[in-house]
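As a starting point, one isolated chain is supplied in C-alpha cells, in the form predicted on its own.
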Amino acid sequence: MSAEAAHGGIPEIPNFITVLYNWQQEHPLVQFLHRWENVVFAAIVAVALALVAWRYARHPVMIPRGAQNLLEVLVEGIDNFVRSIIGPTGRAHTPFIGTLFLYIWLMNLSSLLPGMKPATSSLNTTIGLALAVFCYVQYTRVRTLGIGAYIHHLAGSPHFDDLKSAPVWMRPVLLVIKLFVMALLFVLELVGEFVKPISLSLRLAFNIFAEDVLLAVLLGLGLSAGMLLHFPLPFQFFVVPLVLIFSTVQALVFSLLSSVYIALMLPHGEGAAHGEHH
C-alpha cells in the first residue's frame, strides 16, 4: 500500500528497498541500499539496458527478426531524430543522445514495475544526467575549436584592434576595461552553459516525481475503497496510459533539447539547428 515519503509526508509507492528497510532496518546492507536508493535503481536500469544491447549486438544476423528487428528500428529512428536536429554530422552524436534517451525513458517507465522506483524522480539523478550533457557538449566544443578558440568564445570573442587607434595615454585604461569585461563575460557565459542542462534536470525530475505521486495517490484510493468493498479497486491502472505517454515525452524533450544544445555549440554550417539561427 502507499507509504508516506520521508520528506514532507508525500505519498510514495513502496519499492523493494523500502520493504527491506521496514523489515530489517538495522542491517548494514539494507541501510546502505536505503541511503543510495536512487543510485541503486538507476544502476539496475543501466545494467538491464547494457545486457540487452550486449545480447543483441554480440551476434547480429543479416536479416533481423524479433527483438533485433525492433531494436534496429528504434536505433534508426533515434539516428534520424538526431540528424534532423543537428544535421548530417549528427550521426557522430547519435550514440550519446540515443543512450541518453533510452536510459531516461526506461528509468521513467520503471515506475510501472512492481518493486521499482523511477530514479529520474530524484534531482540527484537528473542533475547527474545534466552534468553528463554539460561535459559532453563542452568536450565537443573544445575538440571542434581547440582550447584557445573555446576560451576566446567564452570571453565574448574580444578583439584588440581598436586599442591601436586610441591615444597612447588611454590604451592602458581601455586595456584594463576590456580585460574586466572579458572576465565578466567569461563568468556569465560559463554560468549560462551550466543553466541550460540544469533547467533540463529540473523539468524532468519534477514531472516524473508528479507522476510517481499520482500513481501512489490512486493506489491508496483503490486500497481505501477496497476496505469498504472487500476487494481493492485498481484505480492506478487508469493512469498507466498517461504515464506511458508522459514518460516518453519527457525522455524525448530531454534528448531534443540536448541535441539542440549540441547543435548550437558546433561551428557554423555543421549543425542544422545552428545554421538556421544564423
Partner chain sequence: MPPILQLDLQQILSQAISFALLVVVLRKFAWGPLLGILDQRRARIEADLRQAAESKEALGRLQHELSTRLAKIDEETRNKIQQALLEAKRVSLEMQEQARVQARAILAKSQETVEQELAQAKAMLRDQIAEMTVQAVERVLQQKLDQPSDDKLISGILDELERQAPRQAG
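Residue numbers count along the first chain shown, from 1. The model shown is predicted, which means the values in this text are computed figures rather than measured ones.
Another form, the form predicted together with its partner chain, is not on view; read the next lines as being about it.
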| item | value |
| --- | --- |
| Option from 150 to 158, 167 to 175, 75 to 83, 185 to 193 whose residues, in the predicted bound form, bring a heavy atom within 4.5 Å of its partner chain | 75 to 83 |
| In the predicted bound form, the residue from 144, 99, 138, 89 that sits within 4.5 Å of its partner chain by heavy atoms | 99 |
| Proximity of residue 205 to its partner chain in the predicted bound form, heavy atoms at 4.5 Å | yes |
| 4.5 angstroms heavy atom contact with its partner chain in the predicted bound form for residue 60 | yes |
| In the predicted bound form, residue 42 touching its partner chain (heavy atom, 4.5 Å) | yes |
| Residue contact check: residue 95 to its partner chain in the predicted bound form, 4.5 Å heavy atom | yes |
| Residues in 29 to 67 with any heavy atom within 4.5 Å of its partner chain in the predicted bound form | 35, 36, 38, 39, 42, 46, 49, 50, 53, 54, 57, 58, 60, 61, 62, 64 |
